[in-house]
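We begin with a single chain expressed as structure tokens, specifically the form predicted on its own.
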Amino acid sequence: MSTTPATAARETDPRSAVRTLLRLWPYVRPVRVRLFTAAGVAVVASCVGLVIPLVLKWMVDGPVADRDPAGVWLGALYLLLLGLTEALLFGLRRWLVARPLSHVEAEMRAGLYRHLQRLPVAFHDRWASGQLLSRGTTDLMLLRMFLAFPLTFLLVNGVTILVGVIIMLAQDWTLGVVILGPVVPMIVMCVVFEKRYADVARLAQDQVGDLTTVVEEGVLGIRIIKGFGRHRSQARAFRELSATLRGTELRKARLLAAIWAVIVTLPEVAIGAALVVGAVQVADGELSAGTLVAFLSTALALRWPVESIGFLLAMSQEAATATERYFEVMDELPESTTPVAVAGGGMRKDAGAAVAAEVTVPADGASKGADAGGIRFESVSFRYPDAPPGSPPVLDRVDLHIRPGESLALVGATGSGKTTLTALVPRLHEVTEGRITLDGEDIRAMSRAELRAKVAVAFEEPTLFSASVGENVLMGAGPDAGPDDLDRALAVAQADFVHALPQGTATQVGEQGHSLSGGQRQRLALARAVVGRPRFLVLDDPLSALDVHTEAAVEAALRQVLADTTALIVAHRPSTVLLADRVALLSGGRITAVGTHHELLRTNAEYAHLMSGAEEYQEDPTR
């Protein structure tokens, strides 16, 4: 079964379709006047259609019975005018809803995108991108269709059926009772159908998200797929997911066919029975032919409102599922945008944070004196929010101080927690215990905007956007950055290759920057980190994709940048380590040694093994 991170919560907290759909009201409220007007126009149009049987009764019992051609022509004119009025009113309804509903869809899509940008990294780690993409496209399209058609016509058809039944009962109550015979079994069938269809509709929409994920990954990873000749296995995986989705869609079709068969058959049987009973009454002289014609015409006019109940309920259930999926994302708590009051020795509670957590801070308050400067980790522990209870923390009571203007290299075996530690500085993740200070100020006491204006980051996996080279680099600068800042950053990163591109810095790099080599992308990511002249710099193995000669040139230029900033650099190679003033060894989630590169080579066997490229150091359990 296809699942999302919110599926379990949904199964334990079922919601009715009506209550779910009511959550759309804040988005619909600004255009409610036009929507209500459109619904009113549709009701009037439908009721105009119910006047036609009454005109037919007048014609049959009057001009037709009296053999009056002029009266017949007059009746035909009435019917024509009523038909034109009904058509014009339905056209007006469509015109009234087209623009406002497009606006509602656009606002909901923009709101979803803004919210996704504010959600913490932990959320994006849990959710597949295809599931998010399907919520912003397919689900919102379903909601627009629901607001445009089923929402209106559930009301319109309900009013039409009510008015039509009243008209039929007024014509002849015995025939009305015959027509109303199937009502109870139809209501029972609709209740059963609604529950079953809701479950299948949810499953289908989740499977669409899974399929979207596979397509997106196949497109973004096309080089890997081709390079390893895995196109057949990927195609097979896609076919299997497509077949699963096809099976679910067929289940939906079978349910819809079953309810449609009941909804169509029972009214047809009732109309047939009413025709027989009415014909007998006309033959006995108990009922006029015109009354029977009017009654049957009204019953036939109600066929569409009754028969449409099945697919209107189906569309409403799909819309309720789409609404539920949309708000599964919108209900996630975003990162807080305001500073958090942090008291020394107390507990921190951040109601606006993505995870409501209590974080202990050291009891000695803010650091004092010269030691307050730079970046300081004080008893920092971190455990991922979705980690199993009782599992050891990724980082365990890390104490580390990077002095102002100092560069410190962070070294450790794969999986030791280096990248996690660097992600804590710009608050991509929140510390579980302890605190991090910048120049003596707790980073949680700063707004995220203020913090990230001070701290620049370059990740090991460089991510570029479908924009120009210049736009990608200047993402790391303030609004006042200009061409001189761009040229300086490109020079530091030894990214002069951009000037040889077809349009220079205006060249579009394409999706994920795949038109560039790995080393070129990494240099642009480094340029993006240094273009804003940050006070604090966090580099996660920024030179791993560079060749030896380019690496040497970048290091030479980077030394000038590091002289004016406080930097934390994740390093795996001795050449990168030599950029730093000191080195910290991270092992088992803790800082086990701090010193210069040469000191640690002499005194720490694990560090020597890491730097020599030997197999992972095996710690002697007897030490």
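Residue numbers here begin at 1 and follow the sequence given. For clarity, every value in this text was computed on a predicted model and none was experimentally measured.
Keep in mind that the form predicted in complex with a small molecule is missing from the display, and what follows is about it.
When the small molecule is considered in the predicted complex, only one residue from Asp331, Glu240, Asp386, Asp284 comes within 4.5 Å through any heavy atom, namely Asp386.
A heavy atom within 4.5 Å of the small molecule in the predicted complex is found for one listed residue only; from Ala413, Ala98, Ala87, Leu169, this is Ala413. With a 4.5 Å cutoff on heavy atoms, Asp480 does not count as touching the small molecule in the predicted complex; it lies far away. In the predicted complex, at least one heavy atom of Thr419 sits within 4.5 Å of a heavy atom of the small molecule.
When the small molecule is considered in the predicted complex, His572 lines it closely, a heavy atom lying within 4.5 Å. Residue contact check for Leu313: none of its heavy atoms lie within 4.5 Å of the small molecule in the predicted complex.
Of the candidate stretches 73-81, 248-256, 378-386, 315-323, only 378-386 contains residues with a heavy atom within 4.5 Å of the small molecule in the predicted complex.
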